[in-house]
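Only one chain comes next, encoded as structure tokens, the form predicted alone.
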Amino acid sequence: MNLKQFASLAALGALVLAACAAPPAAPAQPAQPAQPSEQKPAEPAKKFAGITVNAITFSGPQIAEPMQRRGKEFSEMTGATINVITVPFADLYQKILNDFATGTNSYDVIVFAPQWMVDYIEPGYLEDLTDRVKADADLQWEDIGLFFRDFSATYNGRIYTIPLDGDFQMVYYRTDIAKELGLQPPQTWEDYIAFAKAVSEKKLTTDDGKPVYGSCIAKKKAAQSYWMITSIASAFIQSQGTAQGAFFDLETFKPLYNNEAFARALEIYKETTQYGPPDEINLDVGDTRGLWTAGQCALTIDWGDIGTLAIEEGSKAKDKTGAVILPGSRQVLDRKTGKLVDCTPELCPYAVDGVNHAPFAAFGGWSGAINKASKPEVKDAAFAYLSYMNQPAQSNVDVTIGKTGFNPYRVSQFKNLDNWIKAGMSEQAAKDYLGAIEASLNSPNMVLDLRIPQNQYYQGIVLDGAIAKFLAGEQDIAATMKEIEDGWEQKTEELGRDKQLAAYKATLGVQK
């Protein structure tokens, strides 16, 4: 091996040794900062978390449905629990009153007939909502029709309820049948009878072979039927404007339901039964509405619900439902003699073509109030819940849905047809429907519902009971009117005539 070869071998050996040597230690990595945990930030507590609001209304399913549906939405937003309790309509007034009077206070919210408010406000059971309403811009209070802000919400200048509904009774008629038979929408109650009779005699049937009745009117006892007779009688009794009143004489507080005018109303009411469905005297409003949407009625008296139910899926009355202000009369009551006399410009200053119309604001519209005895935090949640249902974003939708039982009560709901057309109404149907309500609302001869102490007894007990006997053939017209008069007089004597008269006059001073 020469020197050159030795050097090469040495270099190779050094490479081998270098390759076999342990690698140098990796340089120390700089310390990493501690990583934050991956927990999500805690959500802020919802405003009404842990609060339960018990609300009572009647077992519709109307009214209860939007309360439950909107209650669920409200719960998701605020954390409150909305518990909706329902009872039959005939039990609602007394159930609420007993709960308040006994101090049980099971209910934080009551959704009820505003005409009953006097019996709940005078003993101090309801929360005064005036300041809350004024502080709540989302309510858009001025957009609520003046009549509903006043009659349905206000008592002695203070606000006690939040309106959720607007109620007037109207007459609905089938436009296709009217056209087929050459009939005009009824302008008088005699026209109504003639229309119903013509349809009945024609023996029309639906496409699936079911009979079409000339008239369908809910007449069931202990339900919501006792308003119907007042819708007919009012045109014969009141002709001098809203302040005249249609229930009692303004001097004596004697009932106006025992005279030739009310006798004529009873005749008409009973005759409609001849052209109605079998067992009509046992049908509630839910039954007659079902017959309407099944295409089996040519005429009916009802609140605004028919207009929206007619456009629901499956309805056979869609685009065939017309609406008009309650029919009127060419004769009215002479209050001095108790006789019916022909309309004159002096007797019927608001008559149209000689016909006195007296549209009846029956019921006034479902409204919500708050129990004064509830805890402060519950009252806050209760008011926010009622406000949420009333606000335009919710109410503008709910009044277009038939199953809610809510009818229009905001000015904007009458002016803007978009929601109605979007809901399925034709433009013409929307104009007819809203026009009939507006004609009633704007009438200078509108009849206000009774809102005196214990009005529920006058109407829901005495009037309802007497009318039921009359329709069942258990007593004649004279006996029916006497039973009403005697029952009303007895209650008036018990409560005090002067007190009742003062309350009645105060109600008739309502702005509209």
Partner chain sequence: MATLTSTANPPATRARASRSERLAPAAFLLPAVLVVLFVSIFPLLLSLFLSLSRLRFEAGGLKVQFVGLDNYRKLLFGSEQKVLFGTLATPSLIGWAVLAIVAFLALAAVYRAIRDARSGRAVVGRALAGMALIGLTYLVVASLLAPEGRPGTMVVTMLYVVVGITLQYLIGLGLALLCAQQLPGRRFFRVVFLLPMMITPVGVGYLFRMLADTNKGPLEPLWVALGMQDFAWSNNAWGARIAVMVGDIWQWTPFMFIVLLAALEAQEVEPVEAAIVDGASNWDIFRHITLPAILPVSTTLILIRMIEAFKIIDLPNILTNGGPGTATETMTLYAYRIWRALDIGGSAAIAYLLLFLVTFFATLYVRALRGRMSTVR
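All values reported here derive from a predicted model rather than from experimental measurement. Positions refer to the first chain, counted from 1.
Keep in mind that the form predicted in complex with the partner chain is not shown, yet the notes after this line are about it.
- Note on contacts: among 138, 91, 251, 201, the single residue with a heavy atom within 4.5 Å of the partner chain in the predicted complex is 91.
- Only one of 433, 213, 147, 192 comes within 4.5 Å of the partner chain in the predicted complex through a heavy atom, and that residue is 213.
- Comparing 469-477, 64-72, 439-447, 49-57 against the partner chain in the predicted complex, the single stretch with non-hydrogen atoms within 4.5 angstroms of it is 469-477.
- Although the partner is absent from this view, residue 494 contacts the partner chain in the predicted complex, with a non-hydrogen atom inside 4.5 angstroms.
- Although the partner is absent here, residue 122 sits close enough that one of its heavy atoms falls within 4.5 Å of the partner chain in the predicted complex.
- At the 4.5 Å threshold, heavy atoms of residue 341 stay clear of the partner chain in the predicted complex, well away from it.
- Contact annotation: residue 126 falls outside 4.5 Å of the partner chain in the predicted complex, judged by heavy atom distances.
- Although the partner is absent from the chain shown here, 101, 220 and 490 each have a heavy atom within 4.5 Å of the partner chain in the predicted complex.
- Along 447-462, residues 454, 456, 457, 461 each place a heavy atom within 4.5 Å of the partner chain in the predicted complex.
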